[in-house]
Every structure is written in structure tokens, then in C-alpha cells.
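The chain below stands alone and is given in C-alpha cells; this is the form predicted alone.
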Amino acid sequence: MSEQMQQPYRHYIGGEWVEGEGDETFESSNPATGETLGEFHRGTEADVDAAVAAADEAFDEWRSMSYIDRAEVLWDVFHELRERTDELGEVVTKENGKEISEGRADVVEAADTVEWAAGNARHPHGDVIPSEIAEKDLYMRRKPRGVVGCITPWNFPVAIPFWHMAVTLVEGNTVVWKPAEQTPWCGQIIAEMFEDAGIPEGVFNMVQGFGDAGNAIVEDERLSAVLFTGSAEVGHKIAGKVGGEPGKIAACEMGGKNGIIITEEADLDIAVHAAVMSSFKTTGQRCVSSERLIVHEDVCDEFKERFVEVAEKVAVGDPLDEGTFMGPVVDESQIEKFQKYNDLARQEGANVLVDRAELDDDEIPDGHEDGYWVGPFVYEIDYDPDLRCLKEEVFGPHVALVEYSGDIERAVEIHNDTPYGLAGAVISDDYRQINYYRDKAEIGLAYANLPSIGAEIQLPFGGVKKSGNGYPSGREVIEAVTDRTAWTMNNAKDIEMAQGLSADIKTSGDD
């Protein structure tokens, strides 16, 4: 066993595995079984201070390297992700609870991100811009901003960290990262990958821990940017703290109350599939999961019958079993939140169609009685702009079916009636309806005749309204972690010609 694998697992700061300044530890557990997976040192403000200092010291040498040389480190990480997809996918499933195909997909998405970021090192990183003066050349060049803090969630514990860090590092910044406290084992493995790839000391730093460690990252004056993916409550606090500091940027992606519109022109085979995938995949624990199904009255009865039939039978079970569709939620707090909103829906007038919120004993896999198990909760409710159950994010398999009458304009009006604006989908065979939705839906991620889940690294990933103030993923990270310099060069011998105006310098006393 290598030194870094000794437990409690340690932080990775300045190229070394360190216990840190605090003496507290915490455990990671399997949400399907309750089994302890590992013990980890809990980071303190002093640990964050040391990590930022290491990143700050390493920045100048790292940014002085070529894009290609920086990308070489990422290519080694990419190959390891590809070679270990099955192994690491199982780690994700054990620590996060998502079923095994989703665990592997998490790792594949991370590899895709690293591939894009490393490949982008050989692509243009600026612009040549025409000047109004023939003798001048104008350029736009990008420069790294400095030390970047990355705070990532538990629901995609491998993919999202690389959304944040891969592009950030290739662009020449250094990183201080805090993984989610629910998935520190995944964080440990990622840090080992960077070490194995030979990343220079201080360029990548990881501090395990809770919100106090994250807060120390946000408040450190040496950081130039903070990338955050997580809850709206935390994200808006981060944006508020960072946004008031000159020269410092926060890019936050913060979840949503997503919806799918199913029009009278919908193919119901597509509609049912899209709704089930969007509502129950990953046990509804995606920021892009849909908790509202907005269905036209002409097709509502048939859609409801078919959707309910699937929801009653969807396979909940051991997430390591290939036949499972839904695994457990991540921890007890998620169960409590899920049940709270189920109760709220009842209080607000819901007609419950499927209630598998508390699974029977025979639905829980043998040996998994200590896991965090829930099933789908589906209800129909009349639309009312004052209903909290239609506005607030649950982050679980909690789904409202809302019938509407009239045209696509009415459906989009209902769809937009939430403070969030992350993702959504429209199911229709009428391109006019699709185009109206495309233009009028207040979201950052829109899908037509597809589930509302899914992402590709070459597209922006983020929302509007309460769902975000930036796009901390893939290509769009570049805007948060680089500064643009407008560069003007004179190619003329005559400065007056290059300036395009009189260059005579007047001094006092001249005739």
C-alpha cells in the first residue's frame, strides 16, 4: 500500500500528502448499505491557507509553460480514466449510490472533459482583429487569472470536478479544490491521478472537508476565481461574497425546478420515455432532473396512465446490479427533504398517483437495510402560481403532473413560473411549438423530443435566473479563468501614420 493510501486519507497540498492542522476526521459511507468506505482528515482554514499559498507560489512557473506542455499532464489523466472506467465507476456507485451504468458514465464524462481540454491546447486561444489603420496589428490574447478555487458536488463526483479543473489547468491557472464531503473517496482517487501524472508541486491542491473549508476558499483574497456547482442557497452566498471583490469572479451553477412540456402534438412513446428518464434516473438527484410534467389536456389521460404504470414498476435496488434503474438517495438528509416536499404537495392539494416514497421491506435488497431507500412519488395537481411544490427544488424522485389547456404559449408560461431556469424539454412533432419553446423558455439547457438530462462538454452547461451566474463547465470555464488582453502593435516606421492622427508633440514656449 502506497503512503497516500494509509487511512485516514490525507489532503494533497504542495505536492505532498499531509494530515493538516486539525485533528478531526470524518467517514464516507455507502448509501446503499451503510458500510464505511474510508476515513478522511477534515480540512481547516489553516489547511486551505497552506493550499492557496502553494498554488500561488506555483502559478508563475505553471503559466510560463506552453499550453502543450500543460496539456501533457492532462493526457496522462485521460488515459487513466479510460483504462479504469469500470473500476472507478464502481467506486462512484459505492460512494454516491447511483446505479452502476451511471457510475461508469460519470467517469466517461470526466474523460470526455479532459480529452476536450487537453485537445484544446492545440487550438487558437485568441483573435486577430482588423485595424482601421493598415500599419497596425490588433490581437486579443488570453492570460490565466491565477489561483482558482473549485467546490464540487456529490452527485457527479468525478465528472464535475474535471468540468471545473481540466480547462482551468490547461489555461495556466493553479487549483485549490474541495470535493463534496459525501464523496471524499472519489476526491482521493482524482488527487492520486494528478500525482501519478506528474503535475508540478502546488499546481493542483485538494483539501477534504465541509462547508467551513469551502468558505475559507471563497474568502481567501489570493484567489482570482471561484467555480461552484451545488445548491442555490450556497451558490448565491458564494456569488455575493465574491462578486463584491474587484478582480475576482464567481461562476456558479445552482440547480433548477425543471419541467417537460408534452403538447397535443407529442409522440407519447417519446414523451413517456423522456419523462421517466428525466424524473427517475439517478434517483432524481441531478440538477437537470425534471420534477414538473406539463401535459396538454388532449393527451393527458393517456400519458398519465402510461407514465404511472412505469413509475409503479421502475426497478429500485442494489446500484451495483445491472438490472437496477434507481439506487438509493445519498444520505438521510435527502430522505428528509424528499418526504418534506411529499407532505407539502399533499397539503397543497395533490392527488397522489404513485406513492413508493417508503419502500416495503421486500423491495429493499437483502443486506441493504441500512441504506437510504426511496421510490417514486408522483402526483397530479392543478396549476396555481402560489404552489411551493411547483417552484422549489426537491432533488429526488418527486414528480408533479400538471394538465394545461390552450396553446404552447400557455404551457411555456407555466414552465417559466419558477425562480429557477436551468433545464427543460418539449415533446412535440410540431416544429412551430418547438421553436416557440426554444425562444421563450427561460432556461440555459433546452431539449426537444429528448429527456432534460444529458450534457456534452463542447456546449455551455448552466442556467439563468436563480440557477446560475456563470457556466462552470467545459468550454465556458475559459471565460471565468482567463483575462483578455487587447494587444496593439505598430508596424510602421512613422508613428504618426500608425496612430492615424497628428503625432506632433507640443511643448510650452513653441512658436
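Numbers for residues come from their place in the sequence shown, where the first is 1. Owing to the predicted nature of the structure, the values given are computational and were not obtained by experimental measurement.
We do not show the form predicted in complex with a small molecule, though everything after this point is about it.
Trainee: Quick check on this chain: which one of E109, E291, E181, D318 has a heavy atom within 4.5 Å of the small molecule in the predicted bound form?
Mentor: It is E109 that has a heavy atom within 4.5 Å of the partner.
Trainee: Since exactly one of A58, A480, V52, I453 fits, which has a heavy atom within 4.5 Å of the small molecule in the predicted bound form?
Mentor: For this set of options, the contacting one is I453.
Trainee: So which of 300 to 308, 281 to 289, 363 to 371, 199 to 207 is the stretch with heavy atoms within 4.5 Å of the small molecule in the predicted bound form?
Mentor: Among the listed stretches, the partner-contacting one is 281 to 289.
Trainee: Even though the partner isn't displayed, in the predicted bound form is T168 close enough to the small molecule, meaning a heavy atom within 4.5 Å?
Mentor: Result no; T168 lies far from the small molecule in the predicted bound form.
Trainee: Is F156 a contact residue for the small molecule in the predicted bound form, using a 4.5 Å heavy atom cut-off?
Mentor: Close contact exists here: in the predicted bound form, F156 approaches the small molecule to within 4.5 Å, heavy atoms only.
Trainee: So, V226 and the small molecule: in the predicted bound form, are they within 4.5 Å at any heavy atom pair?
Mentor: V226: no contact with the small molecule in the predicted bound form.
Trainee: Taking heavy atoms only, is F40 within 4.5 angstroms of the small molecule in the predicted bound form?
Mentor: No, F40 is distant from the partner.
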